[in-house]
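One chain comes next, on its own, written out as C-alpha cells in the form predicted alone.
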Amino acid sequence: MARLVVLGGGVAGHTTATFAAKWLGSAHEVVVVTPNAKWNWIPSNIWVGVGEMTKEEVTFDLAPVYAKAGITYKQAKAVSLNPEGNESSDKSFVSIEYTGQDKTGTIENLEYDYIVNATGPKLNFDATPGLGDGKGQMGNHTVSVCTADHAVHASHKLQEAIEKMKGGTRQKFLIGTGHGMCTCQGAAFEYIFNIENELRKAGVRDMADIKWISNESFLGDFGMGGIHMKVGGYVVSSKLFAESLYAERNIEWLIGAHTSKVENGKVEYELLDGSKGEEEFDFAMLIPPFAGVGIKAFAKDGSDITGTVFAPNGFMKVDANYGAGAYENWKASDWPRTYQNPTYSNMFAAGIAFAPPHLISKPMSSPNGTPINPTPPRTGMPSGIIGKAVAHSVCDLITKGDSAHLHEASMAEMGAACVASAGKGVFSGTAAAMTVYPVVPDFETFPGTGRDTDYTFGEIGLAGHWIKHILHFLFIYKAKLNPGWTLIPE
C-alpha cells in the first residue's frame, strides 16, 4: 500500500486529495494534513465581508467529507520535510504539528511515498508595519476578506461605518493592496465594488469617499500584465474596462503604490516615480502579500536543504525555468507543466504553493529600488486544474510505476474564467465576467496581445451576478463530494 500525503485542504489540496482517493480506492492511502477544520469557498468571502452572506454559508466541516471519501484527515500544519528520511530510516517523512482533534501541539512524523504541497500562502501581514492581521488584533488599523473569520470582522466594521454615516459623519474607504508585492488584486477589486453597492443600498453613498490603492502600474493589470479582450464585439484593454467601472461609480484610484506603513487612520506609500505620500481612511481593507508557509527541509544527515526544495519566497520549486533572467528573455515555456520537484521525484506542488518562475506583469521598481508590481495569481480555477493534474500524475506513478507519464497543466496553455462581483442582489446585482486564454501570455503564439482574443472576453451585468451566485452553490456542492461531483469542472 502506498501513502499519498497532501498538505493543505484548500482548492488545490482538496481537489488533489479527493480525486486521488477516488482513483486509488482502498488499495492505497490518501492523507490530508491541514490546520483548518473547515473548508472555505474563498471567492464568496467578499459577500460575507459586506454582510450579504454568513460564515456558515461559505464553509463546511472537513472531517465528515473526508470520512465519506476514505481519506485520513489530520488537523495539523506541516513543519518540516525529510525527503531522504533520516539516519535511522530511508523513508521520506513530513513532521506535522496538530492544531486540533484534541491533539493540539503534538508533533508527529508522517511517512509518505508521495507528497503534494498545496498549503496555499502565508498571509504575510508583517511585511507592512501596522497592516495588522485582518481581525483587529494588531492595532485594528485594517480589515481583510482573506478568510471567513476575517470577512465576518470586516462586515462588522463596515456596519459601524454605515451607522456613522447615517448619523452624519462622513467616512473615507480605502481598498486595495497593502504592499508593493501583493497578488490577489481581484479580491480587493470585487470588495470595493460590493462596498460601493452596499453604501448605495443603505442610502449613504453621498456620505462616503471611496478610493482604490494598488501596486498595479495601470488599472486592470490583475497581476497578469493586463488583458486585451472582446467586449461587445470590440477588442479593448482591461485598463479601459476597469477605468470605466471605477469612473462610473465615482471611485478614485491611486496606482503604482507600495503601502509602506499603516497607522490608525493613515497609510504611508511610495509611488513608482519615487515620490512618497500619505492617505487617510476611516475604513481600510488592504490585501496582504503572500509568502510560503515556512516549511523547512532537511537532508538525511540533518543538514538544512530548505533552499534546495523551496524558493526564497517559501514556495516549492517545481519544473519551471527559474533562470530565465531579464524580462526580455521571459517565455511562456518557462512556466511549469507537471509541478514535480526537480530534486525529489515523489514531491509535487499545486496551487499557490508552487514557486512561479517569474512575474507575469512587467517588473517595475521605484528610483529608490522598491519593487512595485503584482505577483502572479494562482488561485481559483488554475489551482483546481493543477490539483487534478497532479492527482492524475501521482495515481499513475503509484499504479503504473516510476515510468508513468506525468500529466500536464501549464498556465501558459490554460484558460481561466473569473466572475468578479460588483454588487449582490437577485435583480439588482451585477458582476464582471471575464475569460482569459492563456493565463500566462504567450507572445510567440499570439503576437501583440499574448492571448487568443477569440477566447478572451468580458461582459458586465446582472447575468454575471447570477453566474457568480450559481458557482458559489455549485462548487460547495462539488467540494462536499455530493452525487455527480466529478462531472463539475474545476
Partner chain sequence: MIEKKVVKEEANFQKSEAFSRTMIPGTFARKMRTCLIWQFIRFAIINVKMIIVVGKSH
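Predicted, not measured: the structure shown is a model, and the values here were computed from it. Positions refer to the first chain, counted from 1.
Absent from the display: the form predicted in complex with the partner chain. The rest refers to it.
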* Structure fact -> The listed residue (Asn109, Asn250, Thr106, Thr306) that reaches within 4.5 Å of the partner chain in the model of the complex by any heavy atom is Asn250
* Asked: Since exactly one of Leu240, Ala202, Ala291, Ala404 fits, which has a heavy atom within 4.5 Å of the partner chain in the model of the complex?
  -> Leu240
* To do: Give a yes or no for Pro489: in the model of the complex, does one of its heavy atoms lie within 4.5 Å of a heavy atom belonging to the partner chain?
  => yes
* To do: Answer with yes or no whether Trp466 is in contact with the partner chain in the model of the complex, where contact means some heavy atom within 4.5 Å.
  => yes
* Asked: Can any non-hydrogen atom of Thr59 be found within 4.5 angstroms of the partner chain in the model of the complex?
  -> no
* Does any heavy atom of Ile385 come within 4.5 Å of a heavy atom of the partner chain in the model of the complex? -> yes
* **Stretch from 28 to 36, 453 to 461, 44 to 52, 61 to 69 whose residues place a heavy atom within 4.5 Å of the partner chain in the model of the complex** => 453 to 461
* For the spot marked by Ser244, Phe427 and Tyr437, is every residue within 4.5 Å of the partner chain in the model of the complex through some heavy atom? -> yes
* Structure fact -> In sequence order, the residues of 366 to 384 that place a heavy atom within 4.5 Å of the partner chain in the model of the complex are Met381
